[in-house]
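Two forms, one chain: they're shown below as structure tokens, one block per form, named structure 1 and structure 2.
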Structure 1
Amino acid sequence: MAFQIVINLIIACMWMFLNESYTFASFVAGYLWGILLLFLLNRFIPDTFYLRRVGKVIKLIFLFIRELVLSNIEIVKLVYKRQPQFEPGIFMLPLDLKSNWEITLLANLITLTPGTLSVAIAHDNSHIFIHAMHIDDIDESIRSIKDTFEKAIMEVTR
């Protein structure tokens, strides 16, 4: 992916030099031509087309924002009840992620979402322990994290 971005930047700079127009608009036009060339010559480049991964990163960002807003609404509902009944607890989430980078990203996304906190990661990186402010169903909480954050992280990194 990094190789394709560098090639695209080189194409954009070459476009500016060939047009003898050193403006931002000329750079953007060259960058768009570079995207088109990389897409057309994708079979000669060793990695998949990099804009696909960029799209998945943007999808992960929007997923996090959506989960952030929804969890904030749930926390506000719990806090402002007349007689709040919290069921806090710690549960163990089995991981399908393998690299340290993927696990760290998942732990940070969980911690940044209100109502949940990554407490610890198993020594063999097979599980992550999560404290939740309110747990109705542990299996539902595990499935929710696996279907949202873990799935999106695997799409981005693999």
Structure 2
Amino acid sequence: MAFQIVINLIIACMWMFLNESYTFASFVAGYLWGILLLFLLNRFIPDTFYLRRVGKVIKLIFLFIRELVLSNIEIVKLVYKRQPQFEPGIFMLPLDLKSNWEITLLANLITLTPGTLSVAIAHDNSHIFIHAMHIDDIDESIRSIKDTFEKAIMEVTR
């Protein structure tokens, strides 16, 4: 992936030199030509086309924004209820992600999603402890976190 980005930058700089116009616009034009070349010559370059991974990152960002808005609406609903119903509690979520920054990302995402707040991470990085507004539907929230966030993060990082 890094190799492909370097090639792309080199093509963009070459395009600037060939045009003899050293502006940002010509750099962008060269970068777009580089993307096209990389896409066409994909078979001869190691690794898959890197924009595919960039697309997955964008998908993750949109997922994040959607969950953020949903969680806010839920919190606002709870705030304005006359008698708010709470059944809070802390539950444990087994982690499949291994590296530190993946877990950091997951904890951030969990905190900004509906009804969950990450409290702590186990010493051996095997579990994450989550405070939930409604402890009843633990299984539901475990499944949704596993299916959406962990999968999306894994697609980006591996």
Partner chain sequence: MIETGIDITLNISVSLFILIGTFFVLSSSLGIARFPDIYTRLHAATKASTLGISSMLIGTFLFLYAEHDIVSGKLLLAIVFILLTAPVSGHMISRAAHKSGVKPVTANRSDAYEDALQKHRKNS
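By convention here, residues take numbers in order along the sequence of structure 1, the first being 1. If you superpose the two forms and keep the largest set of C-alpha atoms that fall within 1.5 Å, you have the rigid core. Quantities reported herein were computed from a predicted structural model and do not represent experimental measurements.
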Block containing the form predicted together with its partner chain is structure 2
- Please say whether, between structures 1 and 2, the C-alpha of Trp101 moves by 2 Å or more once the core is aligned. yes
Next item on the list: Would you say whether Ala120 is displaced between structures 1 and 2, judging by a C-alpha shift of 2 Å or more on the superposed rigid core?
Entry: yes
